[in-house]
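Take a look at this single chain in structure tokens; it is the form predicted alone.
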Amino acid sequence: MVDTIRTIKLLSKWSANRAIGKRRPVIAVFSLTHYCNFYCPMCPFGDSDKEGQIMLAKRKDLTTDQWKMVFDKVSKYCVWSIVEGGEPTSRPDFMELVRYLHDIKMPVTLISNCSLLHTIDLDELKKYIQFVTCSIDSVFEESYCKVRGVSLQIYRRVMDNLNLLTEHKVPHYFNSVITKYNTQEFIDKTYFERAKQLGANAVSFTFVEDRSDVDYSLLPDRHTMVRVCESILEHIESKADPQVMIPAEYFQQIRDHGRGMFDECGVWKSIFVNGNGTVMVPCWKFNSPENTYNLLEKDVGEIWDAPQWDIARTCHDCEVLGCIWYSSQPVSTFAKNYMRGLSKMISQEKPELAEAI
């Protein structure tokens, strides 16, 4: 259950800071581990050297107590938390950490590739989180395995685990990254029908933002992107299930301009904490020692007063990255779509929460 009084107090504090020109985060993203068991090429955690990645996680990941210290610091500012990775459910203390967030009244969204959910007590999990964001980059096995670099057996395990979420009435929705490998299912709209069959009442997707540290592109060509946008917009306009949680404006802008449009990057509205407790200012694209702060050593306010945040005032490097587009829009642009999709997604499993939002 969302603590409404806490949320109102924190939003009031955030608005007061904005009124005097002081920027502070309102959403927390906790990347619990450097390890992921998948190989997605659009993600830095898709490293093919999994043994090396495991050793890195053992060496660099925060301990349980260190994460709790970080949670305490961040909860003084943020109204919502997002738990991701790597793959967060791979941590042995995963349930203890989400339980702690729940105990300090931080609503939790879990982002997971869903491959390990069968190892977790889902009835306990749904006590601590608001919903699960299922990273499902394709609803069809061939393109799914190609995008995520996994076997057919893993695909089938993920599909089984999606059914488990439905059986245990854990609120969830699908989030998909649109790449050149999965465009057809959006163009012919088979994505929507298949997602509905898999129990998704709501879906979210944005185009892939190509990484700067690789020499390949996963972004579809311009003509294909336009076709994808037009098809998604038709689905949104039809008001058919599943509900699309991304506002139509995003796809309209990609269709018309080839990129998302915004005046100023809003990356500062979220605090992204890496698995080792560091925060990169203003974002991962400016990863250097002088732009990296350790949250175990510094307060959130100190970090958000850092001069590097000025970079975000003029940077427009991210063209189609959904999280940047979201944070850079006026709240009114996406709130109505998102909240309608969120309410629909959880109405069957948690009607009291649907009423609260």
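Residues carry their position along the shown sequence, with the first being 1. All figures in this text were calculated on a predicted structure; none of them were measured in a lab.
One more form of this protein, predicted in complex with a small molecule, exists but is not displayed; see below.
The partner is not drawn, yet in the predicted complex one stretch among 160-168, 184-192, 238-246, 104-112 has residues with heavy atoms inside 4.5 Å of the small molecule: 104-112.
In the predicted complex, the small molecule stays beyond 4.5 Å of every heavy atom belonging to residue 91. In the predicted complex, at least one heavy atom of residue 42 sits within 4.5 Å of the small molecule. The small molecule is not shown here, but in the predicted complex it comes within 4.5 Å of a heavy atom of residue 85. Although the partner is absent here, residue 206 is a contact residue: one of its heavy atoms lies within 4.5 angstroms of the small molecule in the predicted complex.
Checking 321, 26, 295, 57 for any heavy atom within 4.5 Å of the small molecule in the predicted complex turns up a single hit: 321. Site annotation in the predicted complex: the residue of 274, 175, 138, 130 reaching within 4.5 Å of the small molecule with a heavy atom is 175.
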